[in-house]
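There is one chain below, alone, in structure tokens, taken in the form predicted alone.
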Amino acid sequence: MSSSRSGIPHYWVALRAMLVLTVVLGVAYPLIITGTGQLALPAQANGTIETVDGGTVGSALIGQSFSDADGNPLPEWFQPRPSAAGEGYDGGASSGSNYGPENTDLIAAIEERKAQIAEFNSVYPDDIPADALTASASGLDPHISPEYALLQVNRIAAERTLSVEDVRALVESHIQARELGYLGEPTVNVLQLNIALTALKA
């Protein structure tokens, strides 16, 4: 009987510790982190949502397709890089293909994409940059290289009856420099570029 009574204080200590840790780590800590994020980096904390005329059109952090109901790329929009996430840019199935550089399926897919992009943009296959042919590790990359964006300028200008110079200038104004000046490569956010594209007038 005495051993049973002596164990009761230990249960109360454990219960109190659990309650304190639940309040601190399960309530206070998330509120502090959420509040700090909203104050310091509100756009990033809320997913960097992009809107047009008050309606949400996507997130600048997650890529998306610009295609018709059959999956065909729409010629009036800048196109993103390929995606291996689900059926393409599926946020619930983020992944790459996991193919090695000598995988025959990957090589075949690259050759097929190269032929399609060359025909779609009326360019030479050898002028197509690597990011236009390969999916990112996440399958959700919202960026393309400046080279791939500039490769699409003539097609966009023709489809929208715009001057090539104006579309090229738009792309160049949306080139994002390397992080901290030396990390990564210059990029172009496809969604933000397409939003800006809608404001160009012939």
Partner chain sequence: MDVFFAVLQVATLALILTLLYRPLGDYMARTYTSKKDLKAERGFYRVIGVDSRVEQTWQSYLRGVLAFSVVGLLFVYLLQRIQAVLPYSLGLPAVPEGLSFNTAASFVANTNWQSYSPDVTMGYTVQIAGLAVQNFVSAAVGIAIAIALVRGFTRRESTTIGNFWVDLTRGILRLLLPLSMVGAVVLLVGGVIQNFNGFTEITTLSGGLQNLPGGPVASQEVIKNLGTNGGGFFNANASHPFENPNAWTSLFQNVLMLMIPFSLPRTFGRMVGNHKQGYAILAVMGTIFVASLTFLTLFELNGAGTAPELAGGAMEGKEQRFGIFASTLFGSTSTLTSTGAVNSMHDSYTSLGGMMPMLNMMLGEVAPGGVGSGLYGMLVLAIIAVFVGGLLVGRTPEYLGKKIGPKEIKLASLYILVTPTIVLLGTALSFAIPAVRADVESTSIWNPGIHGLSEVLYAFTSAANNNGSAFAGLTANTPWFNTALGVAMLLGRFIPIVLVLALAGSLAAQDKVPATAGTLPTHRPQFVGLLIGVTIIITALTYFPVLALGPLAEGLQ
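If you superpose the two forms and keep the largest set of C-alpha atoms that fall within 1.5 Å, you have the rigid core. Keep in mind that this is a model prediction, so the values were computed, not measured. Positions refer to the first chain, counted from 1.
One more form of this protein should be noted, the form predicted in complex with its partner chain, which is absent from this view; the next part is about it.
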Quiz item: Does its partner chain get within 4.5 angstroms of any non-hydrogen atom of A118 in the predicted bound form?
Solution: no
Quiz item: Could you tell me if S65 has a non-hydrogen atom within 4.5 Å of its partner chain in the predicted bound form?
Solution: yes
Exercise. Mark V123 yes when one of its heavy atoms lies within 4.5 Å of a heavy atom of its partner chain in the predicted bound form, and no otherwise.
Key: no
Quiz item: Even though its partner chain is not shown here, does V153 get within 4.5 Å of it in the predicted bound form, heavy atoms only?
Solution: no
Quiz item: Which of the residues spanning 161 to 186 lie within 4.5 Å of its partner chain in the predicted bound form, based on heavy atoms?
Solution: R178, E179, G181, Y182, L183, G184, E185, P186
Self-check item: Rigid core fit then P146 CA moved by 2 Å or more between this form and the one not shown
Solution: no
